[in-house]
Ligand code: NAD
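Listed next as structure tokens is one chain, alone, in the form predicted on its own.
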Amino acid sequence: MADEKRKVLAPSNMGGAGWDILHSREDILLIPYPPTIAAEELHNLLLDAAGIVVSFTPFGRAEVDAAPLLQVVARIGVGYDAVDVAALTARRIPLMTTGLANSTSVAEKALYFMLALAKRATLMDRLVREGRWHDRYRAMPMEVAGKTVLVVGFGRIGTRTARRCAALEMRVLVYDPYVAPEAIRSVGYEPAMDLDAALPVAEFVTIHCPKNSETIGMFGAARLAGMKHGAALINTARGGIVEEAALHEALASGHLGGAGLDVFEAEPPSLENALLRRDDVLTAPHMAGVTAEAVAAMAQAAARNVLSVLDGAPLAENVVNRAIID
């Protein structure tokens, strides 16, 4: 009977592999909802929900209060800045993320930005298409081998980005105040104890830290000014870690040589955003972690996360507010 089943909400954009896992359980009543659902409609659905999978739908205190039977919130992805973790923790509701599911995809995107900027990919393509073949020597590409990359954040994605950069014979510096220097050295990289001291020596800076009170505005005017002249900044983490007005100024002045941005302060960014008019800025619509492989893996992980809690055995490695299950 449907009334004997536990109701789980899932966004309609969740990959099919996740739907298959949840549909296979006879004790689960799976209810799809649009990821842009209005708050009032979501609250109505939450009244008798035992679990919910969220993609980019915000989940704050109002949503927690609207869900008296809720046992688990599972994010499709690893970021959770749109989720009120404190409100969930107060109710002892685990917040689950998808672990390694999209780490490779994001690391590859960061590497793509680096290579495309180094090889002046958009300019070279345009020279051919516009019949400007003989202008090809006016803006020379460069090699990444032998260049220094500073990886900011050494978690699931940062470690994979560092590995790919090292394979291209780059010197890898790592800044992460929450990882012991010995752990960084043990895998062949150089720990950067002071972010500001490391910035002037890196041709590339790639951001892989979470967005929180410590990292919002981390790369503002002063820090961007401290980067090496001509360096490139890559952000595949979250908008707001880089101050966009300051980045535009650093590029316009010629201090920085380029940027690769998958994320923005406002998403989607305004078409009036000055960064979008610059040839030295490569952009993507927050898709670094979205590939065919990652979508399938994240959907499967989110579904399994929900079921693990409802079955009484939460996958601890994927729980953000771990203290409530410890």
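The structure displayed is predicted, hence computed values, not measured ones. Position 1 is the first residue in the sequence shown; the rest follow in order.
There is another form of this protein, the form predicted together with ligand NAD, and it is not shown here; the text below is about that form.
- A heavy atom within 4.5 Å of ligand NAD in the predicted bound form is found for one listed residue only; from G220, G240, G226, G155, this is G155.
- The single contact residue among V85, V179, M142, L115, judged by any heavy atom lying within 4.5 Å of ligand NAD in the predicted bound form, is V179.
- In short, of 51-59, 286-294, 65-73, 22-30 it is 286-294 that has heavy atoms within 4.5 Å of ligand NAD in the predicted bound form.
- Within 4.5 Å of any heavy atom of ligand NAD in the predicted bound form lies no heavy atom of V149.
- In the predicted bound form, ligand NAD lies within 4.5 Å of some heavy atom of T236.
- Not displayed here, ligand NAD is kept clear of P191 by more than 4.5 Å at the level of heavy atoms in the predicted bound form.
- C209 belongs to the set of residues with a heavy atom inside 4.5 Å of ligand NAD in the predicted bound form.
- In the predicted bound form, the residues of 253-270 lying within 4.5 Å of ligand NAD by at least one heavy atom are, in order, D262, V263.
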